[in-house]
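We begin with a single chain expressed as structure tokens, specifically the form predicted on its own.
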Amino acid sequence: MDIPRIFTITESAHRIHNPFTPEKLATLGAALRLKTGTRLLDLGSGSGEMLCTWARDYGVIGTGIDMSQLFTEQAKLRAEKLGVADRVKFIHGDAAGFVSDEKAGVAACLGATWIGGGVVGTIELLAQSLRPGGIILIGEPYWRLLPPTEDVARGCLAGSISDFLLLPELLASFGRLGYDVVEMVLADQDGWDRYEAAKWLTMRRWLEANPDDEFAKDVRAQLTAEPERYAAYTREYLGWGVFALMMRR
């Protein structure tokens, strides 16, 4: 069980596998007013930066699950480095359909809503692991600017314009599901740069170290095309944010 190899190559040096910077991640943790001992479930936890830094800074405990064997191992090493390995646990596994036996105060899925077949299904999945009065965190793209054509949407690596909503529409959609939006922290273009541009040096270093790898041709093609594609499309049109939701009563 693992994610496609291209991601374990391009994001192998990433601590955060989305457009958040460490500062944005800290801002989100502070905004949630987390109390010591809050249990956090993170589906699609990547290299564990959210769980590990929030355990260090805010005293949370919890579990992260991710399909990437590499990222899961990196998460365990990060927990040891930050001295929080006794408070957080990382599982290499499929987060799709995962429901925790121990109910969480915060149940999160940041940038991996495919595990529930989309935003709606992922919220329904997270709710099954949430204690009453808890908070769901959803990390999801939205359109900063509506693409003028379907080709532009595909340039943003979306399947079509309908894949994402404008920010007001996304916020309204949470309300229609019966949730209050109680916080949000949005990535900015600098965060997108750090997420996307950091891949380019990683790919170049990988190519230098693995010139005869059968995957080298694919990595070379991606490194050649990505800077221009990103600058023309994703950077201009696509936003990303984390939205904190609480079920309405």
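These figures come from a predicted structure and were not determined experimentally. Note that residue numbering follows the sequence shown and begins at 1.
The protein also exists as the form predicted together with a small molecule; that form is not presented, and the subsequent description refers to it.
Listed residues Gly159, Gly93, Pro168, Gly117 were compared with the small molecule in the model of the complex; Gly93 is the one with a heavy atom within 4.5 Å. Only one of the listed residues (Ala153, Leu110, Ile135, Val84) places a non-hydrogen atom within 4.5 angstroms of the small molecule in the model of the complex, and that residue is Leu110. Contact annotation: the small molecule lies within 4.5 Å of heavy atoms from the stretch 42 to 50 in the model of the complex, the single such stretch among 42 to 50, 208 to 216, 179 to 187, 55 to 63. Though the partner is left out of this view, Met246 does not reach within 4.5 Å of the small molecule in the model of the complex, counting heavy atoms only.
Contact annotation for Met67: at least one heavy atom lies within 4.5 Å of the small molecule in the model of the complex. Contact check for Lys24: every heavy atom lies farther than 4.5 Å from the small molecule in the model of the complex. In the model of the complex, at least one heavy atom of Asn18 sits within 4.5 Å of the small molecule.
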